[in-house]
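First comes one chain, alone, set out as structure tokens in the form predicted on its own.
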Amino acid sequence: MKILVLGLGLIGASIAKTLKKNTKHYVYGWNRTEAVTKKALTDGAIDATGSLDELLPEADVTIINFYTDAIIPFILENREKFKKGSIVTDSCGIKTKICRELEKENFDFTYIGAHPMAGREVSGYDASLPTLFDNASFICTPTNAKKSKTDTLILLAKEMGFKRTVVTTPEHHDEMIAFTSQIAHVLACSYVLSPLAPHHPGFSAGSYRDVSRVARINGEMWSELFIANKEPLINEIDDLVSNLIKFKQAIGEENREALVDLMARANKIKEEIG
């Protein structure tokens, strides 16, 4: 197949490099900053590039790697350029806002929401890796797509080396991502906002590293993701605050039995679910 990767930042360039490393598909690439595209060509991360007018009609699969708010306008503005019968997907970390809006449209191509579950604390083309998705999950959130089209996208993910593929609804995806990803970033940012954080050297070890790691965050991108997924994320924040208050009350009351119970319950859950 001919696959077009739009946006050659961390995720997009890693997708292109993974396609080149693990599959025999022909990979087009495009980035708004031309210097990035040229570097991808020089590195062999993509086979060819061109203008959008040239590339969109050629691609059997187009993978869009833009910020949340840019995806729907781009697809609608270029709807006549995508190859008829092709698959158009994206790598955005939220799905309901995008999928439910695009399912209202009558396209000559098939849009399928997707989310390759991987990332790093650094961004941009230079941070991309051909191994970023090793042992990662690939999530598809089709709405009105034919099963054969979803199967094609899932097969492509398996060819790329994703360890696990999941097909679910956009709403369930966003609910789970609020728990597995977004709340962790909110917690990490809240944690390092402590006035004691600048004084951690000499006093910190694994616990500090584990909790604070994802506070290295792209605020422009993640603010869009948080707001686009505000209801599930606020629910997770409410649950987290409720549990923190339970610890606060037990500590304040010197209620050791309650503390032991809270930690025993948490430990049991962690042992059971990993």
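Please read all numbers here as calculations on a predicted model, not as lab measurements. We number the residues from 1 along the sequence you see.
As for the form predicted in complex with another copy of the chain, it is not shown, yet the points below apply to it.
- In the predicted bound form, at least one heavy atom of S194 sits within 4.5 Å of another copy of the chain.
- Though the partner is left out of this view, L233 does reach within 4.5 Å of another copy of the chain in the predicted bound form, counting heavy atoms only.
- Taking non-hydrogen atoms only, Y208 approaches another copy of the chain to within 4.5 angstroms in the predicted bound form.
- Put simply, F74 is far from another copy of the chain in the predicted bound form: not one heavy atom of it is within 4.5 Å.
- Remark: of stretches 143-151, 161-169, 76-84, 104-112, the one touching another copy of the chain in the predicted bound form is 161-169 (heavy atom within 4.5 Å).
- Of the listed positions (L240, L41, A70, L52), a single one reaches within 4.5 angstroms of another copy of the chain by any non-hydrogen atom in the predicted bound form, namely L240.
- In the predicted bound form, another copy of the chain lies within 4.5 angstroms of at least one heavy atom of each of the following residues of 209-247: R209, D210, V211, S212, R213, V214, A215, R216, I217, G219, E220, W222, S223, E224, F226, I227, K230, L233, I234, E236, I237, D238, D239, L240, V241, N243, L244, I245, F247, in sequence order.
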